[in-house]
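A single chain comes next, written as structure tokens; it is the form predicted on its own.
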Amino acid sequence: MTSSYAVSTTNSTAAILLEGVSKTYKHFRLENINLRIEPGTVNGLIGPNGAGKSTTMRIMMGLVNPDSGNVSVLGQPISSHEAQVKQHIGFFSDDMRLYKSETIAWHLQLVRSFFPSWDDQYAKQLLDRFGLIAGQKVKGLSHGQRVKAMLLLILARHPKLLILDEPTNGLDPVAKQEVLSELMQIVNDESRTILYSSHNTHDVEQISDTITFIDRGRVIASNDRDEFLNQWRRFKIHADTDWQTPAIEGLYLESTFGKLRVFTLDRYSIEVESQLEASGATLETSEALTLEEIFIAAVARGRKENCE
């Protein structure tokens, strides 16, 4: 029987849409997650360990049911079209396992039998690029080789959507770059969408169009990568003890050392330096932040605001 199911690929339809999604566990709560991932984009989900990245991705895959909120993937509610939509999703998680007593070739044939979109030629190319031997048994593979084998099985299906939960976690620098390089090649196909989670900002920065920061179960910031880098700034100023901070939106005091004060700003414009100096302060430095520095500053802000 032929299914009438079709994945929506119109530009107006989000590849992933989470609206007001919450999930409560005994010692953790995912709180009111709103997230929209556009088709044909590469999206980074950055957060510390235990921030809620894996729970969010498992909800997207229908592996965890949210307590509240709506979830749709590739234009379909994941709860009602789970089996069909998963044909078009490649999901990676570090706790996924291959059969230790079987070879890579055995796994290739197994996955090939389930997915009509399987590409034998691409699978052979990935074997070569990843330095894998088809006849080798899984039990003889290193951690990095097992990760690359799992990614091969996912990528050779040509899924429309890749949901990758910490795919480079624990990889040595060479293996990590091999994986990132392959993902960057996939980026060239503008019809495919990637959501990539990590606590490593450098990995995400290399390939992402948009980035979302998550901490303690809450989305604390989300923006285009370049917008993050352009809008965040750190200022070091000297000011008297009775100096009043000017009313500049997004200006946040990080620390004070006597007359030295350190601020971060998430809405930078060229007028800010002159506003600070006009307030009676002496501007010592004004510097752009790396994505890692932005992430740390955003987490600090979010935690303070959540406690207030």
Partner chain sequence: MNPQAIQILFFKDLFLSRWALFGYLIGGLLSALVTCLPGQTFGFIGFILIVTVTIAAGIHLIGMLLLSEPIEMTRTFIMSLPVSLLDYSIAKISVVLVAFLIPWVGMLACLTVLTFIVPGAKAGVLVLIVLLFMFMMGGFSLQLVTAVITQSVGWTIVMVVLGNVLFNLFAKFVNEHPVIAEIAKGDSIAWPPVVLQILAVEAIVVIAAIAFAFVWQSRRRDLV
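Not measured: the values here are computed from a predicted model. Numbering follows the first chain given and starts at 1.
Just so it is clear, the following notes concern the form predicted together with the partner chain, a form of the same protein that is not shown.
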Report the residue, out of 229, 96, 186, 105, that has at least one non-hydrogen atom within 4.5 angstroms of the partner chain in the predicted bound form. 96
Option touching the partner chain, based on a heavy atom within 4.5 Å in the predicted bound form, out of 240, 271, 249, 67: 67
Within 4.5 Å of the partner chain in the predicted bound form, all of 257, 295 and 304 (non-hydrogen atom): no
Give a yes or no for residue 110: in the predicted bound form, does one of its heavy atoms lie within 4.5 Å of a heavy atom belonging to the partner chain? yes
Taking the shortest heavy atom distance, is residue 86 within 4.5 Å of the partner chain in the predicted bound form? yes
Residue 283 near the partner chain in the predicted bound form, any heavy atom under 4.5 Å? no
Test of understanding: in the predicted bound form, would residue 121 fall inside 4.5 Å of the partner chain by heavy atoms? no
In the predicted bound form, segment of 57 to 65, 241 to 249, 41 to 49, 260 to 268 with a heavy atom within 4.5 Å of the partner chain: 57 to 65
Residues within 4.5 Å of the partner chain in the predicted bound form, restricted to 114 to 139 and counted by heavy atom: 114, 115
